[in-house]
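A lone chain, given as structure tokens: the form predicted alone.
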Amino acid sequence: MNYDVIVIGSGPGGYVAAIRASQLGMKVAVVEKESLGGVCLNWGCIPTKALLKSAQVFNYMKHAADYGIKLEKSPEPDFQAMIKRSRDVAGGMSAGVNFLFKKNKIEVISGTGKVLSGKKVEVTDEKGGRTEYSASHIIIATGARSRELPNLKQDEIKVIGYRKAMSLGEQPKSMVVVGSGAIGSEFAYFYNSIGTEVTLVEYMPNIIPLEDEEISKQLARSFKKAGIKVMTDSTVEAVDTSGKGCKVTIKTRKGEEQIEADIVLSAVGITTNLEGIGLEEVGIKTDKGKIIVDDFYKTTVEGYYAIGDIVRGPALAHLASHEAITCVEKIAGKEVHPIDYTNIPACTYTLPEVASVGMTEKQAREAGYEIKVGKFPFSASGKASAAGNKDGFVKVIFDAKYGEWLGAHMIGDNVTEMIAEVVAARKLETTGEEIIKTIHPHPTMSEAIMEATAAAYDEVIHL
């Protein structure tokens, strides 16, 4: 029952921490109450992308004639087949984590974990039995769940969260999506693309409000063009579920409006899973729903660590994985450096896709930088024209004095694949002039990064 490391939770933070610890020669156990891989692999990142791929293929088929292809009849979405494919993909990924655990000789302890004093973990199994385990180091990676608002309680029948949105029994004819962050926008796009009438409600002035304002407005235009009703500066005041569907009362700048829909999807953020895991008893301090940690994820109690959604920073799977590696390598005594939280990419997998890293233009100006801003529209891209979708653009922001790459913001096909170039360049302190001189392959969407940079320095060729 004694281990070098016990990890509570097997999401992209927890399972990566376990594998890295095992690679470094530690005896490792992971406590998991559901499926290996956590929310990301089972109910988040992976299955949603499977659904979005189905939507993309369906969209291509609807526009087959644009590519010189004739279809015998109009394509129809098979909602249950899409859901099944998504669940199968998630199941395969979870099985992959199980394989990696066996390969790395990591023990899986099924049940709900709770930290105890003295570097111990109590695990309660499904029958209520309790077993104590001890370890030199305990890593808490319990993740988060869908946030509930007082006036938007989820019954998982008519008012649902993201998990239910991926496993509905039948496709709704109409849906109100509350919240336009990555989760809300992705589901709005998916359901709209397969024929559901979608209304997207956002409290802030722009959808995907954390993104650069120009990106937000472009996505709103694309959504409206696709038939999504976008309501910004709006709040859901009440949902009446007493009838067959939902009567949704929405407060707007012009007054109240009532919309009827089959389903209301609440996508108003997440809440960390900190309850009932022993933090108070052990003396681990929290602040505003997050566990307080240092640069290497030590909590306020020696021997206990925390990573992922439950600590400071954006709730992103790739960030949790890197926090896991940083934490474990520090435990192992390796020389490691704190993560640079100003260089974390964010992606939204709608159509068009959205990707960004670093400062927005507004943030850069407010920080006092004199900046160079360059934009390159995909309407001027040969690859985008050949692919058949010219919506979107790349926007880059540089410090005019030193050439530092302050931020990049993209909207269009495949930009979630392109953003890594900017992240790597920023980490290597690459300047704008160096990007201009870096040969990009032609024709590719990635050329837009070079062209946007050239535009910032008044050297753009194809505009």
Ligand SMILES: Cc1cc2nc3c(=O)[nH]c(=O)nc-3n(C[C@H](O)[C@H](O)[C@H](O)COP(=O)(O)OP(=O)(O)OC[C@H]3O[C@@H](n4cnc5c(N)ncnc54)[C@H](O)[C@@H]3O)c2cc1C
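None of the values given here were measured: they were computed from a predicted structure. So that there is no doubt, residue numbering starts at 1 and follows the sequence shown.
Below, we refer to the form predicted together with this ligand, which is not included among the displayed structures.
- Between the options 51, 408, 31, 415, the residue in contact with this ligand in the predicted complex by a heavy atom within 4.5 angstroms is 31.
- Though this ligand is absent from this view, in the predicted complex it lies within 4.5 Å of a heavy atom of just one residue from 339, 380, 332, 315, which is 315.
- For residue 432, no non-hydrogen atom is located within 4.5 Å of this ligand in the predicted complex, even though that partner is not displayed.
- This ligand is not drawn, but in the predicted complex it has a heavy atom within 4.5 Å of residue 43.
- Of the heavy atoms in residue 309, some are within 4.5 Å of this ligand in the predicted complex.
- Mapping the unseen interface onto this chain, residue 8 counts among the residues with a heavy atom inside 4.5 Å of this ligand in the predicted complex.
- Stretch-level contact analysis of 385 to 393, 318 to 326, 253 to 261, 209 to 217 against this ligand in the predicted complex, using heavy atoms and a 4.5 Å limit, identifies 318 to 326.
- Along 276 to 298, a non-hydrogen atom within 4.5 Å of this ligand in the predicted complex is carried only by 277.
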